[in-house]
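What follows is one chain in structure tokens, specifically the form predicted on its own.
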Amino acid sequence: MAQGGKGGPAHAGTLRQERAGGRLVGGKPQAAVVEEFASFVSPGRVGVYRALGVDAVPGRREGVYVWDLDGKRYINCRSSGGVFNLGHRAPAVVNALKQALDVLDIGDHMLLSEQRARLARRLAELTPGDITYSFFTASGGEACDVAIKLARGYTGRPGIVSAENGYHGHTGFALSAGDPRFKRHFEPLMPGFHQVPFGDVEALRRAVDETTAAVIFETIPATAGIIIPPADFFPAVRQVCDAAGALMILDEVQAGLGRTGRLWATDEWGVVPDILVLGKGMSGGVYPLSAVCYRAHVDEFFRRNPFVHLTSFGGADLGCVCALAMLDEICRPGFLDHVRSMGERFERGFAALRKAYPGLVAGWRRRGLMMAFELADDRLGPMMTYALGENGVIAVFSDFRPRAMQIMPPLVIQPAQVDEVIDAMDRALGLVESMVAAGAPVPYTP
């Protein structure tokens, strides 16, 4: 009998030996883990990570910090787009999950749930205006799918208007609403989708008609480069939707839950959408959970069709416990004040960096701790990603605007840690300056 084949006894014995060591982190050297990832998960991704100099494997993680398996420490200024709003392994959330594991599991999605009811009631209390109901899923992409399905079901119309360079996930309806760069490989996709420039009210008015079910926008488009809409844009979107009988959907998977220094980014414009999509930070960094929150009148469709979208892991009891603990943390007095204060501290640092490197730094955009650090041209974003990694900061350029570095640290970052990031950015810009002067190639072109 062959002993070393895929899934054979030798392979099983190796797995048992590794598990017997009791080491969840650092059981193998970092280089060996990278090779294993390339061999069995994704050689394509490993190639990109190596080019960008971010092929480190996270090991220990705590607060704003991550250590790779070689022991190098990084400040996480990516936060997985907001998953780690409370930092890594936030004690309040971890402790809530540990206690819940003594009495709960994920629950049965077809049955009623005490935990789901508690979380939905809390969200009804916290979300803007008369938003009342919540539908839970396991990911932001699925949540956007549900939001679009709900809009089509409620209105009986097919049309969906979204933004150019928008991003709502990689699942069916969500992908159809996103940018062509992600969906071009899978066409033909869902019909009835139309895109307009973000912030262009006149283009929106031309696109919305009696066939439009909904308009869906990210409140602040992250993948497009943290784009801040004009002050009158979202009030105008609300008016356009109301006039046409279409629903207004705001995707706050990244911008919500305190990221902008407000509980909800839409609060800055005083607009209540018909449907609000939440994700990433909902998980507390330890258990996947997303939510579709909507106004009472929209529930008419689900009342007629209560089982029209089923999701085995959506609204898991354990996830709801984590989300409730997360909400307690971000609703503590002074929490949002801290987010705004740290954002202002970053902005002062950005101003100093622009003064020091006028040929490299073009400016920045910011709401709270949702920040874009704008470089002079697109080739500099991949270089800066590499240079920051060399200097102990994890941050990435924006997919649809590579010159815009996304700086999204955990919301619990402290003043000394902000200064640490700014100092690292200073050193990174010096390295980028040297790379440009030496004619170094761009590490990776998206």
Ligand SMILES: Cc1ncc(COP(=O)(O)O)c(C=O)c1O
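Just so we're clear, the structure is a prediction, and the values are computed from it rather than from any experiment. One-based numbering along the sequence shown.
What comes next is about the form predicted in complex with the ligand, which does not appear here.
When contacts are judged by a 4.5 Å heavy atom cut-off, residue 218 counts as touching the ligand in the predicted bound form.
In the predicted bound form, the ligand stays beyond 4.5 Å of every heavy atom belonging to residue 116. In the predicted bound form, the ligand sits within 4.5 Å of a heavy atom belonging to residue 168. Contact annotation for residue 266: none of its heavy atoms lies within 4.5 Å of the ligand in the predicted bound form. The chain is drawn here without the ligand; in the predicted bound form, the stretch among 335 to 343, 228 to 236, 132 to 140, 308 to 316 whose residues come within 4.5 Å of it by any heavy atom is 132 to 140.
Proximity to the ligand in the predicted bound form, defined as a heavy atom within 4.5 Å, singles out one entry of 254, 85, 260, 162, which is 254.
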